[in-house]
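Form predicted alone, single chain, as structure tokens, below.
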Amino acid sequence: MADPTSAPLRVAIVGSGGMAVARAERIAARSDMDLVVIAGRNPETRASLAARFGVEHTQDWESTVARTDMDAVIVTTHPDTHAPMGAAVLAAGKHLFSESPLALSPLDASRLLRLADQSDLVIRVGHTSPLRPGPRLVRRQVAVLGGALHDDLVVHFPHDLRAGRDAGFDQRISGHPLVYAILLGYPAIYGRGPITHIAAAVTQEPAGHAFDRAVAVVNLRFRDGGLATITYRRGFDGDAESGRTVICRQGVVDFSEAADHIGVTDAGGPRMLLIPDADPWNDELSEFVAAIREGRPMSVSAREAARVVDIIDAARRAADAGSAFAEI
């Protein structure tokens, strides 16, 4: 392992798609991380990405995570591979950075936590959405206004008609539509405390493993009495935007994904607050390195990432049963 106080953290990336590119770009700009190899099944994207950053590339991810010249592995593949790849990374004694979700089942998530605890390894999951500058600013203003009574969050991909095979429309690859409803709606859950009740409903066309259109709605009640509604839509035409309206005890906060500001209305009337620039993808890497080297807590711990998997599972059970009472 590299010297934890001085030498760059030596990392491998598994996957060569969009998130692999985003992570590699940021690693290349850092002095505390060193990208060594990229493993991916697509020979063209893998070779292109490796050439761009002057590193090795291979199709054999299993041999890659077992290499002795590696301190950590970043898994950027589809959700159905996160648990087995993550387990292999941890079993090889490497720190794990996985894109969200940590796993597709609570059992697999718990197994990954045990593996990490047994070997004193760090798990960081890329729950980027609550760390983006817009949601961060919303969270601060909600606190100023006395906390949320109801957070209404909509995730909608504009002009999202399906064209051919897409992993995001295949539950065997990306999981149930509720997986992304919770992952992308996580800003409405993050920092809110325990959930005491979940109700969920999902409709998709056609029925089966792969769909062309889907709508998922999740209603949550928190221990403090606050509520949240998450609506997730995929496969529809039109330019409707994702956004949030948070009704607080002392006002209202509005946020549109396409805007450069949020709206705040309180006793003093309405006003706009500009969203500051920030790079949450880089912030996550900084937290990962600091957790490994200094034991610093991360904004999304491994146990919180496992809790997200529990929430997804509870939402699925609620969709089947109508509602679910739980302490999550």
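One-based numbering along the sequence shown. Given the structure is predicted, the values throughout are model-derived calculations rather than measurements.
Keep in mind the form predicted in complex with a small molecule is missing from the figure; the text below concerns it.
Undergrad: With the partner left out here, check for me: in the model of the complex, does some heavy atom of H78 sit within 4.5 Å of the small molecule?
TA: Judged by the heavy-atom cut-off of 4.5 Å, H78 is in contact with the small molecule in the model of the complex.
Undergrad: Do M85 and the small molecule share at least one heavy atom pair within 4.5 Å in the model of the complex?
TA: Yes, M85 is a contact residue.
Undergrad: Taking any heavy atom pair closer than or equal to 4.5 Å as contact, tell me whether F255 reaches the small molecule in the model of the complex.
TA: The answer is no: F255 has no heavy atom within 4.5 Å of the small molecule.
Undergrad: Please run the contact check for N42 against the small molecule in the model of the complex: heavy atoms, 4.5 angstroms, yes or no?
TA: Although the small molecule is absent here, N42 would touch it in the model of the complex, with heavy atoms inside 4.5 Å.
Undergrad: Note which of T245, T229, Q204, S100 lies within 4.5 Å of the small molecule in the model of the complex, where distance is taken over heavy atoms; exactly one does.
TA: Only one option qualifies, and that one is S100.
Undergrad: Only one of these stretches, 259-267, 34-42, 291-299, 64-72, has heavy atoms within 4.5 Å of the small molecule in the model of the complex; which one is it?
TA: Selected range: 34-42.
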